[in-house]
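Presented as structure tokens, the chain that follows is alone, the form predicted alone.
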Amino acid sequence: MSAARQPAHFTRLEDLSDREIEDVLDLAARLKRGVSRAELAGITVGLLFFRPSLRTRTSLEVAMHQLGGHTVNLNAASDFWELEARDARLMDGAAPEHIKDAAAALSCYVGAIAIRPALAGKSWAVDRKDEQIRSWTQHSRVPVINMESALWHPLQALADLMTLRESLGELQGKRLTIAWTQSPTPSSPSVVHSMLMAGLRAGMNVRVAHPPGFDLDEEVLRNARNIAQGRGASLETGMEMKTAAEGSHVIYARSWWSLETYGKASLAAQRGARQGHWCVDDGVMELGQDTRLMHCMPVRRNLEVTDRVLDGPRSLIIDQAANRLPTQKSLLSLLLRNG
């Protein structure tokens, strides 16, 4: 008997080759124009949420419905329990079940498992390992899809690439500014990490604007510099917002945690409160070249980005949200129709 074929997981954008990204985006464009069929009839995707979700959950449910398939939604807070990710552990703590067993069981019922894992929030050195996602991919017998971990949000990156192409056309040589913004509830740098990689792989020149102490993950930046060098693109980090915005075609606004104070709530709050005015307003937008505004949402209006910019003609935030549907339909189709 031949060995079972390993499932194709999608946990970060790097799981797709350049050609595969092109295939996803090309099919997404056709699906958005209304070319669709029930090609995933009879297939169910399990959605496991250890954290809240609005756009990701809704768009994945609708995507599977439009492709003729189904979803089963499980929320850790109400539908099941904490799961252990680490191997060879004496399980005398809060988790009554290991991912190894949960993954094997769920693989009997569904054609894919999509996970939004919990973050311990105590140590970046621990959370950045994405142990839960890694454990699911190790033990699942069906494809695993990352619905946003500590390090990556690849589903958002696909929608953002589609939005950039629709707005700018050819991306090679275009200038993308990723700008840290003020927020009392910053997020993980997962969206920013994925957007950074997506932009550089598309040949964009990327600037990252943020205050001191808000540097992105060191390993991610190291890999990003290697990609930039290989694609003939540029990467600049640690810039002031207005300097980074000069000549930009796109400003991607997003608040993220200081990884230096990760897990230290009072110190993080003090550092965040001292950063001053990091908000994308008309003055920032006017520094670029017919600059577009992107933000994955949720967005704190008039703190991260002003109403005038968010509701203005160059805001792409609703396009980004809308493109979650065709890109996820495309990804699901390509992952599962030949599974």
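Start at 1 with the first residue shown and count on from there. Please read all numbers here as calculations on a predicted model, not as lab measurements.
Beyond what is shown, the protein has a form predicted in complex with phosphoric acid mono(formamide)ester (CP); the following relates to that form.
A.B. asks: What is the one choice in T306, Q66, T56, Q275 with a heavy atom within 4.5 Å of phosphoric acid mono(formamide)ester (CP) in the predicted bound form?
C.D. replies: So the residue touching phosphoric acid mono(formamide)ester (CP) in the predicted bound form, by this definition, is T56.
A.B. asks: Among H210, R201, R207, R116, which has at least one heavy atom within 4.5 Å of phosphoric acid mono(formamide)ester (CP) in the predicted bound form?
C.D. replies: The residue from H210, R201, R207, R116 that makes the contact is R116.
A.B. asks: Which one of these stretches, 38-46, 25-33, 294-302, 280-288, sits within 4.5 Å of phosphoric acid mono(formamide)ester (CP) in the predicted bound form when only heavy atoms are counted?
C.D. replies: Contact-bearing stretch, as computed: 294-302.
A.B. asks: Determine whether any heavy atom of S135 comes within 4.5 Å of a heavy atom of phosphoric acid mono(formamide)ester (CP) in the predicted bound form, and answer yes or no.
C.D. replies: So S135 does not count as contacting phosphoric acid mono(formamide)ester (CP).
A.B. asks: Although phosphoric acid mono(formamide)ester (CP) is absent from this view, report whether K329 comes within 4.5 Å of it in the predicted bound form, heavy atoms only.
C.D. replies: No - in the predicted bound form, heavy atoms of K329 and phosphoric acid mono(formamide)ester (CP) never come within 4.5 Å of each other.
A.B. asks: So in the predicted bound form, does any heavy atom of H153 sit within 4.5 Å of phosphoric acid mono(formamide)ester (CP)?
C.D. replies: Heavy-atom contact with phosphoric acid mono(formamide)ester (CP) at 4.5 Å: present for H153.
A.B. asks: Check each residue of 220-243 against phosphoric acid mono(formamide)ester (CP) in the predicted bound form and list those with a heavy atom within 4.5 Å, in sequence order.
C.D. replies: Stretch hits: zero.
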